[in-house]
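Below you'll find only one chain, the form predicted on its own, shown as C-alpha cells.
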Amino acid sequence: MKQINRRDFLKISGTAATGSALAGCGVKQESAEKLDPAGQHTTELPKGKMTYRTHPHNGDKVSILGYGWMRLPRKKDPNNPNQDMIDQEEVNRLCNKAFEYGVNYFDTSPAYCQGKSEESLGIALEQSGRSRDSYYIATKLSNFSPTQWSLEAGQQMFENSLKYLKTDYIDYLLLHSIGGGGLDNLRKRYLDNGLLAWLMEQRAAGRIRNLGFSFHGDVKVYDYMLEHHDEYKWDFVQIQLNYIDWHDNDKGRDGEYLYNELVKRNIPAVIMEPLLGGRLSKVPDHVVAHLKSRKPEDSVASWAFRYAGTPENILTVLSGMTYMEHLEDNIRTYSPLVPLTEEEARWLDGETANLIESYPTIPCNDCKYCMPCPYALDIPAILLHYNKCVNQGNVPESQQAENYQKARRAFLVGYDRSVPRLRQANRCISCRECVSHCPQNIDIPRELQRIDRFVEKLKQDKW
C-alpha cells in the first residue's frame, strides 16, 4: 500500500470527523441502526454465549476473554487529596459483570497498580461469592529488581501472592517478562538461584496448576526457554500478538514467529497487548472510517480482539478493562467470537497495519514498566499526550501549517493538564534507567528529548 507522508497525515487527521469520514467511505447511516447517536449499542448484551477454549493438556475451559488486572479504575484518596487509589467498589462491580457474562480468567501481578493489583483482585473475587473452582487466577513472579533475585525473595513473593489473592493455589503462574536483559538476566532471576526448580516443585505439589512465562525482549531468551521445553514442560506461554506486530522485522516482536513456535510444541498461548495498550482503539478518524467501511456496527477495538482470538492455539486474550464500556464491548466481540476469514486477517495485518504505521506515533503501551522514574517524570503520560495530539492533528510541522495556532494551543494546554510541570520531558537527564524495562524497545530518553524540543518551539513560537 502507498504510504502517506507526515504532512498529508496531519492534514487529514486534523480535518476529518468520524461521521464525515464514514460518509466518505460510502457507509450509510441505516447500516449502523443498532447504535445510538453516540455510537453505543442499544441491544442487550448477549448472555450465555461467551466463547471458551479448552486447554489441550488439562481440560481447563477458559473464556477467550481474559480480564487483565493492570489498568484499574481509580478515585481520589480521601486520606490524601493529592493522590488517588483503586476504586474497589467499581472494581467489584466490573468483576461481577465479567462473571455474569462468562469471563473466568483473571490476570494480575505483584508489580501492577503500584503493588495493589493482587490485593484488589483477591477482594473482588471474594466478594463475588463464586466458588474457587469456577475461575482461574493467573499471577506472576515479578522479580525485576536485583534485590529480588535470591531464591528466598522469590519464594516470599509467591507466598505473598497467595495471601493477597486469598487462595492456596495459583492456576496459571508466570515468570514475568523474560527477555529483558537477555540470557544473563534470565539466569540471575530464575535459573542460577534455583527459583525455577522450586516453582516446578510447587507445581508438582499442586500449589501451581500451570507454569509458564510471559515474553518481551531478546528472542534468544524465548528460543532458549522453548528449546528446554522437555525439561521445564511449559503449560502455557504469554506473548504479545496483534495485527500491527504479526509481521515485524524484530523477531522478538514478530507475532507470527512467536505463535508458530508454540504451535510446534502444542503449548497454548495467552495473548497480551491485543490493542497495544489502547493504540489500536484510539486511531485517527480516517483509520476509523477504514475499519467502519466493512462493519459499521462494530467497534474499532473489536477488529483487534477478533484478530487476536482467531488462531486455534490461543487459550485466552487479555484485556485491561478499566471502564464498564470496555468490558461490555469485549463481551459483545467474544459472545460468541466470529473468527476472521483469511481475507480479513490479511486486510488487517497488511493494508490496515501499513496505514496505522504510516503515522508518526510512539509505540507506548502505557504498561508503566518504565516507572517510577528516578527523576519523577511521568513518562507514559508524556508519550501518550504526544500520541493523542498526533492522532488529532495537533502536532504542527511548521508555523505555515493551516491549523498552526489552534494545534499549538491544544498541544501546550493539554500538556500542562495531562502532565504536571515538574514531571514533564524537560526534566529528563538521559540516565537511561527506563530503557531496559520497556517491552516495546522504545529509546525513551531520545523520544523525551525530541518532545521537549518540540514543546520549546511551540512555547517560543520560533521555528
Partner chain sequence: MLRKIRISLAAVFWLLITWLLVDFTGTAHVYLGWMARIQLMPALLAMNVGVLIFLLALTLLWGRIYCSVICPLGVMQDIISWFRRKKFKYVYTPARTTLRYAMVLFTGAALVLNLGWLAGLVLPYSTYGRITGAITAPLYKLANNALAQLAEHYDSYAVYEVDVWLKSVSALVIALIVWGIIAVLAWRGGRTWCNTVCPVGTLLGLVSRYAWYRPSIDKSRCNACGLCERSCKAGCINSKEHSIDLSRCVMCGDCMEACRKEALTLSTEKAPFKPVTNRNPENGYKGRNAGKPRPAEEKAAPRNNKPKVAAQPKDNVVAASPKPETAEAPRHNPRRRKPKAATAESSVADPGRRAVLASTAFLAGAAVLRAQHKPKTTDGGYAPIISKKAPQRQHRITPPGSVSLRNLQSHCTACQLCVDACPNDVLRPSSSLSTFMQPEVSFERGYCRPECNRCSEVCPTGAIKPITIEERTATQVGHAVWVKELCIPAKEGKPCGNCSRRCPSGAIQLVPASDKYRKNEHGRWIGPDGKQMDGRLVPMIPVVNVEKCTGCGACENLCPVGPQSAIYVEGHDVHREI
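Numbering follows the first chain given and starts at 1. Predicted model, so just to flag it, every value in this text is computed and none were measured.
Heads up, the form predicted in complex with the partner chain isn't pictured, but that's what we're talking about next.
- Site residues Gly48, Lys49 and Leu348 are none of them in contact with the partner chain in the predicted complex, judged by any heavy atom within 4.5 Å.
- At a distance threshold of 4.5 angstroms between non-hydrogen atoms, Pro284 is out of contact with the partner chain in the predicted complex.
- For Ser293, no non-hydrogen atom is located within 4.5 Å of the partner chain in the predicted complex, even though that partner is not displayed.
- The shortest heavy atom separation between Tyr375 and the partner chain in the predicted complex is within 4.5 Å.
- The partner chain is not drawn, but in the predicted complex it has a heavy atom within 4.5 Å of Ala111.
- Of the candidate stretches 131-139, 103-111, 225-233, 118-126, only 103-111 has residues whose heavy atoms lie within 4.5 Å of the partner chain in the predicted complex.
- Note on contacts: among Arg332, Arg71, Lys368, His326, the single residue with a heavy atom within 4.5 Å of the partner chain in the predicted complex is Lys368.
- Residues are counted as partner-facing when one of their heavy atoms sits within 4.5 Å of the partner chain in the predicted complex; in 436-453 these are His437, Asp443, Gln449, Asp452, in sequence order.
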